[in-house]
Ligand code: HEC
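Take a look at this single chain, the form predicted on its own, given in structure tokens.
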Amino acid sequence: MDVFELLKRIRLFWSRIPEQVQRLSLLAVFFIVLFIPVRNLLVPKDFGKYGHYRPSALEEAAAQEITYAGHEACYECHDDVVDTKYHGYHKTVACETCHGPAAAHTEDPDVELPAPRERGYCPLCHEYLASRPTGFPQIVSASHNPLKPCIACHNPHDPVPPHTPAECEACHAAIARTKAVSHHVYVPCVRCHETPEEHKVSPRQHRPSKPATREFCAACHAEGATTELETRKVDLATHGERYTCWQCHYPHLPGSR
């Protein structure tokens, strides 16, 4: 078969291919042909020599100026502060996270490190966000001691709150603030919620219970119920029919519906 006959057959075969497939084929060939020179131009020559990375990057990284000293260097001069921090809530936070790179300071103590005293720094971690883990200390900075710097009340190396939150307020501050202005202000949380000790460590795995029957609330609110404080009474037989009380009344603010 001569060359002309081969080209004739190729042309015939090509003509039988749908037009859409012809365009896609040409586009694929174009990218394949373009890929080879572009790859040689963009991919470093030593890429893949020791694995799936660029070996010369190790030398470049080693040649960079050292700026961080590591938290071990702080022990030499600030052992008292380091010990306080080691036993506090910030023990897993590196010193240089708040004070910045300390390599120059370790070589010359006259090089001072910044200490974040402005109010906006601590909320980077502690401003309330629903996506943060349950139990993580969070505040609403607009209402939490506004205008005061955080270090006015908290020691940053061991940020124990000046007042230990009562009951469940540490993790459920929003509910606590609502309950504080409701008729249930004097009702302890554990009166309505049976809470296992494991809940304090793994709150999502060990959840508190909540009242499942109408008779629970009736112990205080049914006609004839005797309570230490004056409560609103209802006829349990006709009030709310078969519904559980909290299906109509928000228990932390029971005056609302």
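What you see is a predicted model; the values in this text were computed from it and never measured. Note that residue numbering follows the sequence shown and begins at 1.
There is also a form predicted in complex with this ligand; it is not shown, and the following applies to it.
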TODO: Look up in the model of the complex whether A61 has a non-hydrogen atom within 4.5 angstroms of this ligand, and give yes or no.
DONE: no
TODO: Spell out, yes or no, whether the shortest heavy atom distance between L42 and this ligand in the model of the complex is within 4.5 Å.
DONE: no
- [ ] Classify C153 as contacting or not contacting this ligand in the model of the complex by the rule of any non-hydrogen atom within 4.5 angstroms, answering yes or no.
- [x] yes
Task: Contact flag, V190 vs this ligand in the model of the complex, heavy atom cut 4.5 Å - done: yes
- [ ] Can you tell me which bits of 86-103 touch this ligand in the model of the complex, meaning any heavy atom within 4.5 Å?
- [x] Y89, H90, T92, V93, A94, C95, E96, T97, C98, H99, A102
